[in-house]
Each structure stands twice: as structure tokens, then as C-alpha cells.
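Starting off, we have a lone chain in the form predicted alone, written out as C-alpha cells.
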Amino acid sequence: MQKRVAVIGGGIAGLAAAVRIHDAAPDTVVTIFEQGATLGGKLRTGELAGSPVELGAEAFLVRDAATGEDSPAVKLAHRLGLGDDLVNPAVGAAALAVNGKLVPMPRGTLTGVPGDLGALAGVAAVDDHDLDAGEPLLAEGEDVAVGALVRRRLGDQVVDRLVDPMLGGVYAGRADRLSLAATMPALARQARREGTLTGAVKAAQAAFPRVPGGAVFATVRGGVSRLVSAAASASGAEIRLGATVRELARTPDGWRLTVGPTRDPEHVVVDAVVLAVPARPAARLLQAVAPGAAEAVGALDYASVALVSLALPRPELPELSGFLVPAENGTAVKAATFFSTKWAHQRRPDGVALVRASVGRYGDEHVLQRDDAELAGIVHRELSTLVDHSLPKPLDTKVQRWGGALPQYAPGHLDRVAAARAALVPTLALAGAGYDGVGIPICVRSGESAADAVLAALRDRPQAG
């Protein structure tokens, strides 16, 4: 009998799950239920002054850190026929705003945590308490906040000027609140073996497979939204936009979804479900069927950010891919990307440059209460100060707000997710950034793993009759 699988959530994790199911079990009927009006979640390409510009995730890692193979995002792009449209940055050098000036990002760090203290000269003063006491930094299974560990071993400035802005750029979070195991799993593994933090960093870096001359990042020519539309097409799924799944209930043979408005609900029966939505809506759906799992995932908090893009006529910009701004600088801008410098395919013959700034940190979202015009004005003034000269008036601006978009993994996050998954029946699987980590490759892998799990459960289920 033909099986039916519901994928709740049309972000890249849900789309990757649908493609995987289609490839592994082409006779399975897949339906994607997406509450919003578009697919892709935080993968969204817009337009600025006639050029494509990313309004969400910009690029992805080329290599899988654990294996050295192509990352799940690169593999998916090839599967979708976009392999020839992958492009790498033309400029990779980045900077850090220190004492009002842009200085080169120190080399040899792991998400800002140094393996060589000598590389921090002129960037951060080090309180070197990184002594080997003859035992690992962390006990087996132990998790701590990144900031707590680094402050204890190397002092405050290393956290405030390096680690915190790096984590802020990725998670809009703070080092003192984010889990080491969830945000830096390679470093966490080595911290359970090594007696010093710098030793753990070096061991983690040595464990990364090296590809000589290989690029670190890639994006899709024409915009990452092409990845979304290609995945939707390749999935063979029925796609239902504006379809809110309000309830999830067990049936003797599978699941019943309640979809649509309260006054006119629709009931859809399926054999398995991939739940690829953020933690809070997932917790609401799980409450009736797995209250323990609902409690575990519902504890996850999120940060809000705004991405402000400016089209500037012939500006004088440093030859950088972008820069990070430590919170101690007191600016609204926490990171900036010079798209037209970083990506050769986005350079324009008329000299118009595309610049994007990220605004908003966890616990400090008051700046996001400004309207779009005021926010764009703040960004323009602060960028002018940070690059040390007045930038020209923008030809066009675009403000993209992402409310509650970036998960804040508190210490113990991975254990909570493992407990939640253990509490679920095999035909229900979780996928997405709220569980396994941020970034396109991680979300693709998460969706594919969820698809594999429910397909295995369906194969193992006794057949009726």
C-alpha cells in the first residue's frame, strides 16, 4: 500500500527531507505543509537596485568538517542540477572592529577561540590561565557556556573581542549563554581529551580534513532561493502554502493532522510526519502526543535580527569580505558584508556596491523597534564611522526583519534534544535548526536524517493483513 508522509515546515530542512524521501521511496506520497506564503524559511533572495541580494542566509560551507567530503548543501546542490552554478568568494579576508578601527581577523582561531595566543597581539589582551592540570578541561558528557570556559582560561578580552562577536555573527547570541557542545562540537570533543584550551583548539583544527587550495564557502549564482525552488520541484511533493497545522494526533496506523482555520478544519491522515518547524511551534504540536518531548524542545529561546542592505554608488570600501563588531563598541551594527567585494559575480560595471549589515543581539533587541527608514539611517551612519569615511547616500535600501529566527542553544541543549527524540514514536521525527544547529549544511543533513528515520520506521512496521 502506498505510504503518505507529511512534512510540516517548508524551510530547507523540510525540503531536504522531502527530496530524500522522493529519492529513497519514490512511491511515497509527500505533502509539505507551510504556514507562510513562501517556501525556504530563512533562505530568501530579494532585489536591491536591480541586483539580487540575499535577505537571509548568504552562503554555506563547502566541506563537511567530519569527513572532508562535500558538505550536505553542496551535495544537495549537485543533486538538484545546480553544481555548475556554485561560486566561491573572490575575497576571504575579514576584519574586526577594535578601538574604533578595523583590524585583520587573527588567524588560527576556531570561532574566535585562539590556538596561538601570539596571534592576538593588538587585538585582545590575554589573561593566560590555560595551564594543564593533568586532566581534561571537561568531563565526558559535560557541557558549559562558551564564554565561561574561555574567560576562565584566557580572560575577558578574548571573549568580548573575538568569541562573542563571532558567535553574535552566526547566532545573534552571547558567548556567556551559548552551549559549547552545540555551537562548537569539535572543540567540545577535544576539551574532553585535552588539558588546555589552546591544545583543544589545535587538536580540533588538526582533526579537520584539509583540502589544499579548496574554498571554504560557496553560494548559488543568482541567489540561494534557486536552491529552494529546485528542491521543491525535485521533491515531487504536493506543496500547500498558507497551510497551518494546528493539531497532531495519533491514529492506530499513523497520524492525523488538523489543518486550517478553527471554524473549518481539514483532517489529513498520514503514515509518518517530519516536523521541520522551530522549537516553539513544534512544542505546541507535540504537547498532546509527547508532552515530555514538548517540554524539552519548548525550552529553546530565539533571538531576533534585522538585515539592512544598502546599494551605494561607487563607495570607497576596504578590500574585505566584511567585518564583525564586538558589543563593547556600542553600535547597533554587529556585522557587515561587502557583497560586491566578496562575490565577484555580484560586481556591477556601474560601480554600485551592495553592502549588508546585521542588527540585533539576544537580549538587546530594542534597536529593532525603529522603523525601516530609521534603521537604515543608523546603519549608514555607523558603517561610515567604522570604515572611517562618509559613505555615499544609498540608491536603494532593503530591511529584512527576522523575528525569533536564531536559536539560542543553552548548555545541555544536545541532551535535551536527544531526550525529546527518544520520547517520540519512530514515525515522527524532528528536523531543523532548532535541534541540530544553524547553517544550510546542518539543516540539510537534519532534514535528510529525519527522512531516513521515518522511512526506516515505515519499512519496519508490520504490514496489515
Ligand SMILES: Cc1cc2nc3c(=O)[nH]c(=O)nc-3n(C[C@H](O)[C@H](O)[C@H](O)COP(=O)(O)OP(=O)(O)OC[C@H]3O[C@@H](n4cnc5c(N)ncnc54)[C@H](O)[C@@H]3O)c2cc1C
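Since the model is a prediction, treat every value here as computed from it, not as a measurement. Sequential numbering from 1, following the sequence displayed.
One more form of this protein should be noted, the form predicted together with the named molecule, which is absent from this view; the next part is about it.
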* To do: Using a 4.5 Å heavy atom cut-off, state whether Gln205 contacts the named molecule in the model of the complex.
  => no
* Answer with yes or no whether Val438 is in contact with the named molecule in the model of the complex, where contact means some heavy atom within 4.5 Å. => yes
* Contact label in the model of the complex: Pro281 to the named molecule, heavy atom within 4.5 Å -> yes
* **the named molecule contact at Ile12 in the model of the complex, heavy atom, 4.5 Å** => yes
* Asked: Based on heavy atom distances of at most 4.5 Å to the named molecule in the model of the complex, which listed stretch, 420-428, 63-71, 40-48, 23-31, is the contact stretch?
  -> 40-48
* Is every one of Ile8, Gly36 and Val245 in contact with the named molecule in the model of the complex, taking contact as a heavy atom within 4.5 Å? -> yes
* Structure fact -> The one residue among Leu285, Leu317, Leu96, Ala188 placing a heavy atom within 4.5 Å of the named molecule in the model of the complex is Leu285
* Asked: Of the options Ala357, Val297, Val305, Val325, which one has a non-hydrogen atom that comes within 4.5 Å of the named molecule in the model of the complex?
  -> Val305
* What residues in 46-73 sit within 4.5 Å of the named molecule in the model of the complex, counting heavy atoms only? -> Gly56, Ala57, Glu58, Ala59, Phe60
